[in-house]
Structure formats: C-alpha cells, structure tokens
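First, one chain by itself: the form predicted alone, in structure tokens.
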C-alpha cells in the first residue's frame, strides 16, 4: 500500500521499494510486485536487497502519509457501508444489509474491484460471514464464502490464514498441521494445552463460533466554520463582527474536544469568486475568541474587499491538545501575557525569529545552553540554570590578544581597539570535558576573568596556563 501511494504520483516501471531505518539499520519497509519477483521481501536489509537486485529504485518511507492515505481510502469505501475499520495494512467492512444495493455479494465485490483497478491500486478482497474468514480469503484465497459453507472455503487454506504468530504457525507445520482442516480435526483439549487459548480463539472467530465486531473509525473533527452572507459587505467593522461570531463557534468546538488552535486561517470570498486569506500563528494553543480576534485586526484593515464579500470562513489549520484549566479571578493564567507578546511579534516578523535560551547539561560556557524557538518551548523553571558565576550577554569564539603572564593585562588591543583595565574580577577556573574531544578546548584549563575597562566595555577574558595566552570570549551588557 505504501509503495503504491508513492508510485501513483511517480510511476516507475522497475523494482521499487521504500526503506526505513530500524535499529540503526536501513531495511525494506514496502515494495512493489516487481521487487518481490526479484526475491526481495519486507524487513530485508537494504544492502542485501541491493546485492540481489542492482536495479532496485528506492525512496524513504513516510508512515504519516501512509496513515493519511489509508484513512482517505477508508472514507471512500464508506460508499459501500457505514462500518469501515482499519485492519493492519488493509480495510475491513461490515456490509450487512448493504449487498442488495449491488445485486448481491458478488456484485459488490465486482464493483469494488473495478473501481480500484481504475484507481491503479493492487487489491485483494474476500467476503464471508465473519471477519476472520474474510481476512483469510482476502490474503490466501479470494472470493465469497457462502453462508453455511465456511469450513469448505477455509479448510484448504494454510493455518497462517488464522492471523496467528509466525512461531505458532511454524510449530504447527512441524507437527504436520498445515491447513485449517487439519487443525479442526485435532482434539481441542490437546491444541489448547499445547498452544494456549489464542489459537482456538482465532479458529472460532474465523468459523463464526466467537463474535468479532468491526470497530469503525471515528470521523475526524473538522475545526472549520463558515458564514454565507445575505448581502455583500466591505467595511472592516462588518468583517470583524462576522469573524467574532465564527470564532465563538469554532472555540466551542475546540473546547468540546479539549484542543487549542496553533495556526488559524481566515478566508474572505468576494462576489467575483476571488478570495483573500489572513493567517495567524499562535505561540501557544489558544481557544479564547476575544484574544484571537484581536490578532486578526491588523490583517482585516488591509483586506481587499473588492465589490463586496459574500462568504467568510475560519479554519484551525493546526491544533494541539489543550486540557481544561481551573479559572482564576485574575483572568489570564500565568505565562499567558508572555505568550501573547510572542504571538503579536511573531505574526509580524515570524515565530521562527523569536528564540529563547534553555539550560544544557554542561559546564562549558558555550555548551551550557541551547537555543529553541520560543513559540514551541517552555521557559526554564526557576533554579534550572546552574549556579555559576556571571555570564556575558554575548559569547563568541575565543579571539587571541597579546599577553603571556597569568595576571590580567593592564593594557591590551582587541579588534583594532586599545583598552586599559580598570578592574579585574576572577579567576574562575573551568576544566575541559575530558570525555569529549573538543578541538576548542585542547589547550587545557581556562582561568576566566571579568575585565572592566576604562573605556566602558566589560569583557570576558580567559588565560590558558598550559599554553600561556590570553583570549577574549564574551562581552557583558
């Protein structure tokens, strides 16, 4: 299924496979029929597959897109029945009461095959009174198992058609039990004692002795609302009023699902069928219609209404989980003000332009922090930063200056400027991380000093005792 999704967009008349990294090894994730004819199989190492088939063409697997594709296919098969579920790499349908619309079970299968053929999808289908039997026919036989003839259709099939593990299947075949009818002929007490109850459960599910209902997929929630206007509008105030009404409905849906919007898109359709979009990105999940509406104000003022707007629409394009929180008499929760500020600035210069520093587990100055996007990270908790000496606002790669004595230089030149030391505070000795080979720290220990110059600059200098020399690495505010 995954390989066919890719080949539909990029047809290739050659052996093709998708690969995925598993346990630090690149393996075959899915392959087409031509690759299977070359002896390749799912789970094989990529290097072994390339050795067997030098002409193999590959691509990277994308499980998320595969899931979206199978869900789209599940919605499409809803034309045959309302009960559609996902079963491993296929679909399972409960067509009870629907087959007469296609002239019977065979007519429904023929229509399904014809439509999938036109779509360019390789398919196998089976129909039976039980889910287990339909699964077996779809993968090992095909066709329709008539009512009352379940064992006649399933009996000749391999025991692997019962959805059992490879270990149990191999153990049965070593005992000479190769087909389902061979398994049925054995005493149930002996089978249960040797292989446990799961094997008999799968057998009973296939033969209809144990019920196995189909669990259909829940329809995804659509976080979008729209309004068709009886008369075109064009004033910014009218558009804002309509937007506020839409946001109230959207936020109610978000609250019911305990979700929050991270990215919203407002679309205004004009009477000439042209559309204008306004996108707002949020620094945190939000479902407050008043605060969200204020973020659209600047975009609505510059909206081109043309000859009038007759339809408006708001969609939460990106959502995240936002559990319900205890309300307080203060209104906004702690941290909301900072998030709102990041949101307002981010919608002008881009959220990716706003960053924050977070503590890292290292005593090396340049490794003691990481830079993260402020909109997608939380500030460090109080006390998370290590209790070290003052650190400069700017840290840059060490820049050498003249001097070989361990005492701070009285005068020095740096970046074509002359400085006179007014006061020196230190030293703060920092040792390198001996378990890491960092070229910048191969000179050994460093003695850091805070240098206050008469010119007003406050610099961060260090001295290397092993290889005497002075360097500037930072500057205080």
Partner chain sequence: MFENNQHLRIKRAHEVCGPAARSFALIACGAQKGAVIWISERKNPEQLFPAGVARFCDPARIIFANAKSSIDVLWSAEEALRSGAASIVVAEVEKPMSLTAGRRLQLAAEAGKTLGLFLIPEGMGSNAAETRWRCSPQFDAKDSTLLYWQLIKNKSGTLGGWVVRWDEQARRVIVVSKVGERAGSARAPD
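What you see is a predicted model, and the numbers here were worked out from it, not measured in a lab. Positions refer to the first chain, counted from 1.
There is another form of this protein, the form predicted in complex with its partner chain, and it is not shown here; the text below is about that form.
For the chain seen here without its partner, which of 42-50, 446-454, 24-32, 56-64 has a heavy atom within 4.5 Å of its partner chain in the predicted complex? Within 4.5 Å of the partner lies stretch 446-454.
Residue 422: touches its partner chain in the predicted complex, heavy atom cutoff 4.5 angstroms = Because a heavy atom of residue 422 falls inside 4.5 Å of its partner chain in the predicted complex, the answer is yes.
Partner contact for residue 475 in the predicted complex: its partner chain, 4.5 angstroms, heavy atom:
Within the cut-off, so yes.
Quiz item: Is there a heavy atom of residue 273 no more than 4.5 Å from a heavy atom of its partner chain in the predicted complex?
Solution: No.
Margin query: Can you tell me whether residue 263 touches its partner chain? I mean in the predicted complex, with a 4.5 angstroms heavy atom cut-off.
Written below: Outside the cut-off, so no.
What is the one choice in 338, 74, 116, 303 with a heavy atom within 4.5 Å of its partner chain in the predicted complex? Of 338, 74, 116, 303, the residue with a heavy atom within 4.5 Å of its partner chain in the predicted complex is 338.
query: What is the one choice in 357, 319, 151, 236 with a heavy atom within 4.5 Å of its partner chain in the predicted complex?
result: Checking each option against its partner chain in the predicted complex, the one that comes within 4.5 Å is 357.
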